[in-house]
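Listed next as structure tokens is one chain, alone, in the form predicted on its own.
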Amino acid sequence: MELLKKCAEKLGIILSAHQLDLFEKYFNQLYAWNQKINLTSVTGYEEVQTTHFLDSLTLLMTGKIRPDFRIADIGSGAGLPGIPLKIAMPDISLTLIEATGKKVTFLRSLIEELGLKDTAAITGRAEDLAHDLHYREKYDVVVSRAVASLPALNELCLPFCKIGGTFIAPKKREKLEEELAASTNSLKRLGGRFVKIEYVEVPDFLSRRALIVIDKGSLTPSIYPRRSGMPQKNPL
């Protein structure tokens, strides 16, 4: 994990030998399970370090994630970005939300293998779980690397944010301004407020990446999110 260590240092993130060992175990589990279920198309040792692990750690650049925070990772898939954030900041409380049961089985196995405390993997769609009072507006920070438009992500993620909390969306820079412009209505309806874009640049390894930071200023109306599939099919 030398590449991850060096690149993380460029972001001001110092990883201990124990943390690097956890990332090594993470890679090994990801590679092994990917032979059985489709977790990721990125499987090369160095590529996973940068495309998945380092990219996840960039969320710490926002300054919005603190050790005592409750974090929800929506559409977690292979545990990204939630698990790398937990490894780097072990005192956070982490909930991984994923609709595909086989992926949740992987996540629970990974949590046990890495010995991660205060970490849970939940099976379910965000559209449904966001209406469950155990999860609705309970989190200090909500993150998602899901491939969806920002208006759709706003509807899926902001209902999980407590008032005063933050939603962070890693995105490619292409068409970023268009996505932000298209999000004006969804932010207004869902209680969100655009804060900033944090541009990411790690020469030769990560480029054209950005972090959209949105704060939660008021309650999300109870009708949101709409039923399964609607946020993506018909964004606000």
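One rule holds for the numbers: they count along the sequence shown, beginning at 1. Just so it is clear, the model here is predicted, and its values are computed rather than measured.
One more form of this protein should be noted, the form predicted together with S-adenosylmethionine, which is absent from this view; the next part is about it.
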{"query": "Interface stretch in the predicted complex with S-adenosylmethionine - options 141 to 149, 83 to 91, 111 to 119, 161 to 169, non-hydrogen atom within 4.5 Å", "finding": "141 to 149"}
{"query": "Non-hydrogen atom contact H131 with S-adenosylmethionine in the predicted complex at 4.5 angstroms", "finding": "no"}
{"query": "Interface membership of T100, S-adenosylmethionine in the predicted complex, 4.5 Å heavy atom rule", "finding": "yes"}
{"query": "Touches S-adenosylmethionine in the predicted complex: R136 (any heavy atom, 4.5 Å)", "finding": "no"}
{"query": "4.5 Å heavy atom contact, S76 and S-adenosylmethionine in the predicted complex", "finding": "yes"}
{"query": "S-adenosylmethionine in the predicted complex - contacting residues of 100 to 134, heavy atom within 4.5 Å", "finding": "T100, K103, G124, R125, A126, E127"}
